[in-house]
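Quick heads-up: it's one chain on its own, the form predicted on its own, in structure tokens.
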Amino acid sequence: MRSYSLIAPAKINLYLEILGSRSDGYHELAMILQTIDLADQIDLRSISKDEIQLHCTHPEVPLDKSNLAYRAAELMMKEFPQAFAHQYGGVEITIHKQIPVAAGLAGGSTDAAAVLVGIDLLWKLGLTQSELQELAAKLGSDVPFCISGGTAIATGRGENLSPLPDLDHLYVVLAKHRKLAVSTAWAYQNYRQQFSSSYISDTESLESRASRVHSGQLVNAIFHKDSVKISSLLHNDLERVVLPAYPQILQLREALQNAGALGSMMSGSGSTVFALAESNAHAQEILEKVKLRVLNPEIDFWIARFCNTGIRFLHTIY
């Protein structure tokens, strides 16, 4: 049976603003997203059984319908029943996990994106990137961006994407308390409870505020590849609820900043924090300083580089 291997990179948020509530229950967001080269590998193989088989090297990753990668395969079977039932059968998915779990790095979303791309290849569907992103939006807010990757503005609930110039000259140091996970649902629910009085309620004002991100200072800094300015404009509304509840995340963010980072922030809903660096050597220097100061064996660290791709093909096995 033919199989494909794909690389599924993580993402960080350079900017996350919560504008208001939507009628579908989600939040209206304005974000600037960036892929990094910390990535999972996803292997997909056609099987003769009409079923989904999911495997993962990480013991904390669920292997049932609660996994977005599983739901991505289910979605493809529902959307393309003839390819599933009459041509190629089911699919076996193996996730080689490198992105930390429940870390605010879109690990589950990028795995799901890779499954969509992989099944498109397996079943020879010939879908365009925009068609894949339409399917991805049915799975979750981050999944469409994970298909394309790079640097992009995301509005709506995250599915409306506008690409920005590549920022692949920057590096990032990531740090996470190994046993600490922050629920994305919890973070957004608590933000709504505490700050919903500040939400924009009318559609016209929401659209106006979202459009201003396109001409904002951070986008201008990205166009000019101004690393210092980019770092000074990092913003994440969810820090307002997560950092008071998890002071150890704040302490880690401050440790990275004090180690000489250009800027530091929590990614997504946490629990990962990141620090921007102008080179690999700079990132290594930040990492060594933080390790000496923090002295906590329960904290994991990674160094990654910004990258300009989303899901990418690795190789085919026959």
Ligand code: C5P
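Residue indices: 1-based, along the sequence shown. Everything quoted here is computed from the prediction, not taken from an experiment.
Another form exists, predicted in complex with the ligand; not displayed. Remarks below refer to it.
| Can you say which of 73-81, 89-97, 213-221, 136-144 gets within 4.5 Å of the ligand in the model of the complex, counting heavy atoms only? | Looking at the other structure, the answer is 136-144.
| query | Pick from Lys229, Arg157, His177, Arg209: which residue has any heavy atom within 4.5 angstroms of the ligand in the model of the complex? | reply | Selected option: Arg157.
| request: Have a look at Leu29, Ile52, Ala259, Ile36 for me and say which one sits with a heavy atom within 4.5 Å of the ligand in the model of the complex. | output: Spelling it out, the residue with a heavy atom inside the cut-off is Leu29.
| Exercise: Tyr188 in contact with the ligand in the model of the complex, heavy atom 4.5 Å | Tyr188: contacts the ligand in the model of the complex.
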